[in-house]
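First comes one chain, alone, set out as structure tokens in the form predicted on its own.
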């Protein structure tokens, strides 16, 4: 479809009104503009969020609130979000990270690598629409998206301790490559045994998923290679990999335990 109008509202209220009328929302444009260029954008009107004041980072008391239109370069430059720098460095390229936004990464189809991080951290999404604002678990947004006319305004996440946070993205090349798989996890131990584990996997299903079977396999056990490999084998029950230009479903399934071990143990 040919784009006939681009709206650049100056307020969130105006943006939600235009989105409710059917405008296709655009933040950084890295996902939407290819659709425009190929003529497959789903509507004739775009709604740009760049003037809506939805960018910004607030960090305090171990929690971060990241505005939906905050770019990944801004995330990487934030001292309070240093725990995410290795993950952000794997997203696209520096040029793309100057434009791509946290909200766009979560709401693109399929959701991107940072969405896998947010799922592992059980983030909360702040959403605004004609009916007001609401808080939504990130897992729900990943699975179902937003209601018609709603906009994501921010994500709120409890920041993990560096020693408990693990991230690994497996790709064919360093930059601008889709993930063969992405692993994000928080694992806490006490007395040498795993007390809490939250593992999210990207690139192994249509959307990022929790590896609940792997989490159960780790619970109450030492974080050692044999146990982590067993957890990786259990995680196969949680995924539905597919063939794509980056890797086959068979390969993804085969190497999942190895990369989970590398993510958690190095």
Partner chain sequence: MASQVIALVVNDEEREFIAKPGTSLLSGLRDSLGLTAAKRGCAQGGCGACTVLVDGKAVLSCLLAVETINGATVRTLEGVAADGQLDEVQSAFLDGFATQCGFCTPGMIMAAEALLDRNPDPGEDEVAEAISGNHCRCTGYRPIMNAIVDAARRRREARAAAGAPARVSEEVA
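Positions refer to the first chain, counted from 1. All values derive from a computational prediction rather than experimental measurement.
Not pictured, yet referred to below: the form predicted in complex with its partner chain.
With the partner removed from view, the residue among 174, 158, 134, 147 that has a non-hydrogen atom within 4.5 Å of its partner chain in the model of the complex turns out to be 174. Checking 232, 241, 67, 28 for any heavy atom within 4.5 Å of its partner chain in the model of the complex turns up a single hit: 28. With a 4.5 Å cutoff on heavy atoms, residue 99 counts as touching its partner chain in the model of the complex. Taking the partner from the other structure, its partner chain in the model of the complex has a heavy atom within 4.5 Å of a heavy atom of residue 48.
Within this chain, residue 193 is remote from the site of its partner chain in the model of the complex, having no heavy atom within 4.5 Å. Taking non-hydrogen atoms only, residue 77 approaches its partner chain to within 4.5 angstroms in the model of the complex. Picking from 53-61, 35-43, 193-201, 211-219 the stretch near its partner chain in the model of the complex, with a 4.5 Å limit on heavy atoms, gives 35-43. Along 3-19, residues 3, 4, 5, 6, 7, 8 each place a heavy atom within 4.5 Å of its partner chain in the model of the complex.
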